[in-house]
Structures are given as structure tokens and as C-alpha cells.
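A single chain, nothing else alongside it, follows as C-alpha cells in the form predicted on its own.
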């Protein structure tokens, strides 16, 4: 099997991640913060160790501001719904995943907020300046927040996130970054981004298990809570604690997933994010070159080089190509990738497109096998 669906979840996981998850379940997997016995304390130590590793990797500075969630979607919902107020205006990009679009759409449909969409693929060549100009043109006196993906989940488009952060700071609005496709793939420094919150997954570019997401939260930013419940702190009070991380972590944390994430972070740090990025870009460029040998291949946003390549094969639906590749032992993802806004922006046809997404374990030989399989599929 050749796995080319790392934008959905990375696979395989490093052996150190696999071993740590098993070790947690077998040896120290008590409930963190729920007792003073050895297993609970050992689990709590592992949770803190992972917070510290996240803080170091992303330049957060304060481990307690690394908040664990179920996934990136849960993280984004926590921030979006925790910060917005009645009558606020929100800006999102035209490349957003449904993890951003759907909570914003629901709040707008219920009359709680209004939102506008800024363009990321302007017609004019000076891309970054035009993105910033479009954002500025859509700001209103009620604009409270801008939420956008750092990197797209359907192509290798990357937004000028630091410049957007600077604009948000000057405009006095909250800046929330969806780093689902950039964390572990592209270097991120929390303070240089100028973000108020960065939401990211443990199970994609950081090579942890599924079941754990993270909010990197700016010092001093307090959100309304999305969920309430026990966390072992101030148990006699009816309200959640005021300070992170416990304020936003109601209920039992996914300790095995966090323990595995810690080892995934160690592996990413060992390899170096710059090195990982160069490897994925090299695979992308090789795939783009090899795919161009086939007649009838349409690659979307082909000039954006990174870990994600989106294409269609003339005369074949995206789903039929995906199914045929699966039959050849190659895992890709076809369809709309939970990103209707982005597919509209790239003008993919009905049925969407086929996504190839690379990771650290992919090779040039994987690309060759993909191209040979597509040549056979095209001839059928």
C-alpha cells in the first residue's frame, strides 16, 4: 500500500509514537488531575511535558496556554464561539475548511454575527498586496475577528499569515489561525504570527494519534467556555476556572493521544520542520513534472508548491479515479475534502477533484507508482 492522504491524517505513525501510546495504556494511564496516586500523577506529568514541547516548538512561551481539545475543529469552535459577541462582524478567506466556515455560517444564520469572505486568488499578480487590500476593504467598525487557514487543505496555497497578523493588530481585531495543514509542515512562531489563537491537530503534520487537538492561546485572552465540567480544579465552584488550560479542558483528557503526540513532536523536532518541508516540496515538484507527462491532467494551483497536490483526469470523475487508485493499492482522497469554499475558488467541476498529500515517509518511487497507475486508469 502507498499512502498519499497525509492531509487527512498522517500514516504510518513513527514507531516511537506507537510505543508510547501502548506504554501509556499499559503502564501509566491514570486520569490526570483526578487524584494524588502514582498513575494519575504520572499521566499529569506526561500532559505537562507535551504542553512544554508544544510551547517550545511553536514559540508560545507559556506551556499553560497550550490547551488540549479533541481535534482542530473542536479547537476552532472553542475559540470562535468563545470570543464572538452579538452583532460582531467576522472575516474569513475563500479557501476555508468547513471547520471554519460552518461555525461562522451557523452563527450568521442565527443572526448572531455577520461575516464577509476575502479573496486569496486575486486576478492581479501582486498576490500578497491584493489579499491585504481585499481584507482592508472588507473591514467594518463591527469587525471583531479574522479567521483563516495558514495553508489550504486542497492545494499548496499558503497565506501571507504574518502580514495578515500585522494588519489585524493595527486594526484592533482578533486573529485566529487554522494551522491544520501547516503545523509540522511549515515553521510557525506564535509571536511572530501576531495571532490571538492558533488551532492545530496532533494527528497530521505532528504525527501523533487521532483524538487530540491543540489551541495555542495568547497570554491574557479569556474566552467564554464552549463546554463545562470537571477538571479536578476548584471542584466546589459552579463555574469553570478563570485561567488556562483548565478553563477550557472539561472532562478527561485523551492521555494516550497526548503521550503519542509528545513523541510525534520529538520526531518532527529531530528531523527539523525545514527539512520536512523541503522533502515534501521535492515530492510535489517531481509529481507535478511526472503528471504533466499524461494528457488530460488538470493540476489546480500548480504554482503553489508544498505537501498537497489537487488534480483531475479528463473524462474521469474524481471518485472513479480515487476508487481505481485504491484498487491499485494507492490511498488518496477524492471529492470536496470538506472545503466547499476552496473548491469554488479553484473552480473544480461537479464531484470535486483528487487530492494527493505527502508526508515524511513518502518517496519518489511512490510518485512513479501513482503516475503509472493513472496512466492505466486513463486508458480504461
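Please read all numbers here as calculations on a predicted model, not as lab measurements. Positions refer to the first chain, counted from 1.
What comes next is about the form predicted in complex with a small molecule, which is not displayed.
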One stretch from 195-203, 160-168, 268-276, 219-227 that, in the model of the complex, holds residues within 4.5 Å of the small molecule by heavy atom: 195-203
Of 143, 302, 71, 231, the one that lies within 4.5 Å of the small molecule in the model of the complex (heavy atoms): 71
Residue (of 84, 287, 253, 99) lying close to the small molecule in the model of the complex, criterion heavy atoms within 4.5 Å: 99
Partner contact for residue 307 in the model of the complex: the small molecule, 4.5 angstroms, heavy atom: no
Distance check, residue 7 to the small molecule in the model of the complex, heavy atom within 4.5 Å: yes
Touches the small molecule in the model of the complex: residue 156 (any heavy atom, 4.5 Å): no
Contact of residue 147 with the small molecule in the model of the complex (heavy atom, 4.5 Å): no
